[in-house]
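What follows is one chain in structure tokens, specifically the form predicted on its own.
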Amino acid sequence: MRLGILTGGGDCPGLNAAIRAVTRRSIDTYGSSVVGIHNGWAGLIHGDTEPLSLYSVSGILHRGGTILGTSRTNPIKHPDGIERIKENIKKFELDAVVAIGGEDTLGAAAKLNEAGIPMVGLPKTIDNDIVGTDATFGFDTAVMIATDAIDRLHTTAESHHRVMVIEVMGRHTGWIAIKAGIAGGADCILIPEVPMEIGEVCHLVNQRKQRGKTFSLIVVAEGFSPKNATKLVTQDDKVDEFGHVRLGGIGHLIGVEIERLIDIETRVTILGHIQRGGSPTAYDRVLATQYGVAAADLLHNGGFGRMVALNGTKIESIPLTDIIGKIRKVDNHLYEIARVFFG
């Protein structure tokens, strides 16, 4: 068998571990040849590839990013995208493709599989919002980075008697915010799943002041919207090929409102892309490796049109079509645990 591997969407720690695992398993166990596809779906549309060998994937386990490059190209919306992909599948003699990505990349993979292009999906995203799996690799590393930042901001907030607002990634869900917020001892956590008025946030800050606590830490997901708000806070009006605007700035809005309403010095830190970078944690390296091996097994056993997934401690698989148009939201019970420590 001759297979292709691509990484699409935003980069995240663990991608190289997954590429390594798919390649090693396919070559060592099944005697297959492996082709790396550059820059996500764009590489499959334009025919930009390179052969992958045991040598080329050696030493990449601990590296962040992706050696194949990535993009947010949407092959479904691209002019003649599906036909050009079919032409390149034939040109490079690929029997199937392993698509490593988030909801957008895997959604496209599901549609391409239905169009007759054999696909296997491998879930990654720091947002942890893909349905059908208990975890996506990249998430654990992002939470660790955010937690470390909260720990560092805690000391300066306490020293200066300030409110610190920490904005983390999370377009549709607040998984990073809730996990890092709990781990870092945040005094309020704002996530897209639970709208809250800024006045409620101010009440929590005042509540702490009355107990003698002259500082507060507020963690907010970029996709959070205050109750009764009509739209999300965005950097601009531009959208990518999947229709997503660039979020960012909700932290500054909250900071300004806190200073205006209760006159307490407030500072804002937006972690941004730092959450995506650097070496993956041990957990993400292991999970990405498990997924990569399972994806290779699934592919060589003819399990096309499916995505590998974590169910408890077992690696299983589900139909790619099961994830289309769905988002894995933060569990309400987990949010209620976080609320115990608000204020």
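Residue numbers here begin at 1 and follow the sequence given. What you are looking at is a predicted structure, and each value in this text was computed from that prediction instead of being measured.
The form predicted together with a small molecule is left out here; the points below concern that form.
*Asks:* Can you check 189-197, 257-265, 118-126, 133-141 and let me know which stretch has heavy atoms within 4.5 Å of the small molecule in the model of the complex?
*Replies:* Heavy atoms within 4.5 Å of the small molecule in the model of the complex occur in 118-126.
*Asks:* Let me know the one among Gly181, Gly170, Gly101, Gly251 whose heavy atoms come within 4.5 Å of the small molecule in the model of the complex, would you?
*Replies:* Flagged contact: Gly170.
*Asks:* Using a 4.5 Å heavy atom cut-off, which residue among His38, His46, His300, Arg276 comes into contact with the small molecule in the model of the complex?
*Replies:* Selected residue: Arg276.
*Asks:* Does Arg72 reach the small molecule in the model of the complex if we count a contact as any heavy atom within 4.5 Å?
*Replies:* Because a heavy atom of Arg72 falls inside 4.5 Å of the small molecule in the model of the complex, the answer is yes.
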